[in-house]
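First comes one chain, alone, set out as structure tokens in the form predicted on its own.
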Amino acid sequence: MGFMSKTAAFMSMASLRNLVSDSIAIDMGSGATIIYVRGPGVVVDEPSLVAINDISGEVIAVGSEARQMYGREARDITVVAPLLNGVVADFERTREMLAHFVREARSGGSFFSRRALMSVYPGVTHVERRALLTAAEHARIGRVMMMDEGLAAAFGAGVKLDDTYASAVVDIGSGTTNVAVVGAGAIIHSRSERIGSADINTAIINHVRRHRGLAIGQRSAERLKLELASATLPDDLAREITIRGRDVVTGSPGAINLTAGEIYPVAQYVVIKIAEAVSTTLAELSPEVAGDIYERGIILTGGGALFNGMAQYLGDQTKLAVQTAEEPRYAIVRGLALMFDDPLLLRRAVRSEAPPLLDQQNEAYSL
């Protein structure tokens, strides 16, 4: 083959490779979808929301754009969260949402991704796992693999892959809480509960409606959670803010003042359940593992780790040292991304994978 022919063939292969991004890590949760691309890092961090035209059924907005409409939708628009408690509640919308986010994550003009590693809720059923895999295939990912989110969170929080001593990681997401005890690169024991930080919002909405006669939306509930709610007793119980909504009796717009003292016990209902899941898991450990956890304490990850007073409350309840991981919301995707650098560990840690979507293309693009 002449020099010009070899050059043309090389350029042709290079142009094909430009259509393909390498490895991506996906943490698709009920509250947010986070995507990490090997090299650039976190490139997508958006709410897991989809805006739909009720007449045509067309998806008109996804992620942050859909959140801007949430609670103030136009007459023929509905904003939905297609994932509920860590699993697929609306398959079609989940598929379209993931495809949208993966397109955003790809660099340049890449059209396919060689492989993706997704975190999965440990209690997920085979049917629910298959729904996630199919949604990823629709997003034109060549090879899709899954890994327990507890294990991914542990690695992303700094637990070493070859550490033979046990570490306890509590990942508090929007709709789920996962307690994982990890050692030697594997899960020793775990417990998952379908309760998370979003349940605090729901508890606040129900309390304000039932006891104060005002219907409020998710945005107002989120504001109350961030500004007034706390896992531990607030320093200033009298601190108050004004919240607006619809009077449930008259149907007219209205407003009330709420104090930190009133919201505190509402949030406690959810916080106590999370603490119970942690305590129950620790009580089931073997003596040697329990000794490791006593020495090392607990690591908090997930968005719920940032809830005011959560680390202190869990420490008080378990009598253990509790630390919050650096950037806890990104712990899972960091842990997933680490797997791509260790193929042997990746093969051992993967829960399941789907058949290649594009077998011939994958063979052509293999490294």
Ligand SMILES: Nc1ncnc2c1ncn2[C@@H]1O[C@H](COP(=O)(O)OP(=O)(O)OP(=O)(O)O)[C@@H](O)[C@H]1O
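Just count from 1 along the sequence shown to find any residue number. Source: prediction; values computed, not measured.
Same protein, other form: the form predicted together with the ligand, not shown, and the subject of what follows.
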| query | finding |
| --- | --- |
| Which of 154 to 162, 219 to 227, 127 to 135, 275 to 283 lines the interface with the ligand in the model of the complex (heavy atom within 4.5 Å) | 219 to 227 |
| Of 43, 60, 69, 306, the one that lies within 4.5 Å of the ligand in the model of the complex (heavy atoms) | 306 |
| In the model of the complex, the residue from 118, 180, 172, 141 that sits within 4.5 Å of the ligand by heavy atoms | 172 |
| Residue 198 within 4.5 Å of the ligand in the model of the complex, heavy atoms | yes |
| Partner contact for residue 29 in the model of the complex: the ligand, 4.5 angstroms, heavy atom | yes |
| Close approach of residue 335 to the ligand in the model of the complex, 4.5 Å, heavy atom | no |
| Exercise: residue 150 in contact with the ligand in the model of the complex, heavy atom 4.5 Å | no |
| Members of 60 to 81 lying within 4.5 angstroms of the ligand, judged by heavy atom, in the model of the complex | none |
